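Shown below, as structure tokens, is a lone chain in the form predicted on its own; questions about how it binds or moves come after it.
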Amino acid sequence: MDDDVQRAARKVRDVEQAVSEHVTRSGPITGRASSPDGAVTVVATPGGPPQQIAVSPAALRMGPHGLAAEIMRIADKAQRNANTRLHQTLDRVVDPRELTALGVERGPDEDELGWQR
């Protein structure tokens, strides 16, 4: 039994080190999304709150409820993009099912313009 525990602990340390090295090389993992007119832009991290929200003066014409809804919609898309980037970055190091089990769902791969690949 002790051998199994030691083997599992060694595997956890190895994966942790590999993930750390991989993320250090790739830099911060974020997702960015903008409304079609560019009035709202959000930068988010996987599984976290938005890191940056930019609102143009034109967006203020949406009114408070419309603007709030648009920010939430774009923030959700930014977080999905961040989750997908996390999967892409770690796919050789961590089993994607593990990330999904942690609540980090992989979305469709999209380019900078939002086109699915």
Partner chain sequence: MRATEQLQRELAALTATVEHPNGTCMVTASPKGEIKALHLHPSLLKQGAQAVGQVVTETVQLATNSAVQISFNKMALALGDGMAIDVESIAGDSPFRSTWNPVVAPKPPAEQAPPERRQRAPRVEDTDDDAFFENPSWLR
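Residue numbers count along the first chain shown, from 1. Quantities reported herein were computed from a predicted structural model and do not represent experimental measurements.
A second form of this protein, the form predicted together with its partner chain, is not displayed here; the remarks below concern that form.
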Looking in the predicted complex, any heavy atom of residue 26 within 4.5 Å of its partner chain?
-> no
Taking heavy atoms and a 4.5 Å cut-off, does residue 81 contact its partner chain in the predicted complex?
-> no
Does its partner chain get within 4.5 angstroms of any non-hydrogen atom of residue 51 in the predicted complex?
-> yes
Looking at the partner-bound form in the predicted complex, is residue 36 within 4.5 Å of its partner chain by any heavy atom?
-> no
Heavy atom within 4.5 Å of its partner chain in the predicted complex - qualifying residues of 49-76 = 49, 50, 51, 52, 53, 55, 56, 57, 60, 63, 64, 67, 68, 71, 72, 75
